[in-house]
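Have a look below at one chain only, the form predicted on its own, in structure tokens format.
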């Protein structure tokens, strides 16, 4: 059992002890504690591949986590929030997730300064709080795991008062620096001039969200940078430029939810556009509908994404000398190694609200990809047909 899992179990135990003395109870009028936890069991029915680190053995150490949050009201208009999360998975580090000051000069304007969740998508703020959404896991086709990180900076939120609807506009500016895993490679990434605009509107049973995000991102890839420099020295500037490790990244997002007591329909689409290697242009969407029959609800979902990389340049001649042929081969091989993760998923699941704050979910997803693409699978056998069933059981808890 990985050491991360032992740590996770230890933190869960501490949380249970805390829960023996209602953890969410206020320790004073100004200081409040809250938390959330999830234990996710997963199994992939194929021995030739892994998906989101799940394989053909039952595991609970990929997406299980626990989070503890403290809010302290320093003054009527000034508060500080800190959130600590312990992850069992290897893809994310445990530690401080949020740490920011909140200043609310009026009832409609709020400013946050510090480390916050990057508000790319509709469920970005609550992605770790599985109790907040119906599914056992958010679809990888729309919510790629490398996509969720925090930023350091300032966010302003303004609520437009109206008796007919609720509308909120948010804008932020900041920077990001951390290790990320993109195209199956871990790299140091830095985003500057990182900014975005988000709008929410709620009207009767509808909730709509649209957002736009942009930043200049650079990644550290010494081998690629050195090879690009060599191509530049030899005069193959088009090929050298195509290996740029710095560029502008843009994210567009729109979601729509329709909710009633009996059923829901939720959908979201996004587009990621980057003008440098290793980050493909991606279009993703999901659509889900569910029926509520308390304490149960059942749902079906469909999600799909397509990815495209820039075409390689063609200014390196071939057939003239072995040296040029070797140079061209090494250049093209970089592009051929890039994983293409276009895929689709069909999901069927049920949620059981056992008691307030505690829910159990079970779902099964059929994931499919094209024969010549990775489709988010970690392929162990080249004969793998890019099709597998993923079974998940998730226990969700807020306290």
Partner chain sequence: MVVANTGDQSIQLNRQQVRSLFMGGVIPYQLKAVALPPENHTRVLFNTKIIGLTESRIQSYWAQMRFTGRKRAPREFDNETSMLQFLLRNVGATGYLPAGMDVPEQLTVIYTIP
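Positions refer to the first chain, counted from 1. All values reported here derive from a predicted model rather than from experimental measurement.
Quick note: we don't show the form predicted together with the partner chain, though the next part is all about it.
Of the candidates 261, 75, 320, 96, 261 is the one whose heavy atoms come within 4.5 Å of the partner chain in the predicted bound form; the others do not. Screening 194, 236, 123, 286 for any heavy atom within 4.5 Å of the partner chain in the predicted bound form leaves a single hit, 123. The partner chain in the predicted bound form is approached by residue 165, whose closest heavy atom lies within 4.5 angstroms of it. In the predicted bound form, residue 331 stays away from the partner chain, with no heavy atom inside 4.5 Å. At a distance threshold of 4.5 angstroms between non-hydrogen atoms, residue 271 is out of contact with the partner chain in the predicted bound form. Although the partner is absent from this view, residue 393 stays clear of the partner chain in the predicted bound form, with no non-hydrogen atom inside 4.5 angstroms.
Annotated contacts: 32, 35 and 110 all touch the partner chain in the predicted bound form [non-hydrogen atom within 4.5 angstroms].
Considering the partner chain in the predicted bound form, the lone stretch of 154 to 162, 214 to 222, 276 to 284, 246 to 254 in range is 154 to 162 [heavy atom distance within 4.5 Å].
With contact defined as any non-hydrogen atom lying within 4.5 angstroms of the partner chain in the predicted bound form, the contacting residues in 331 to 365 are 351, 353, 356, 357, given in sequence order.
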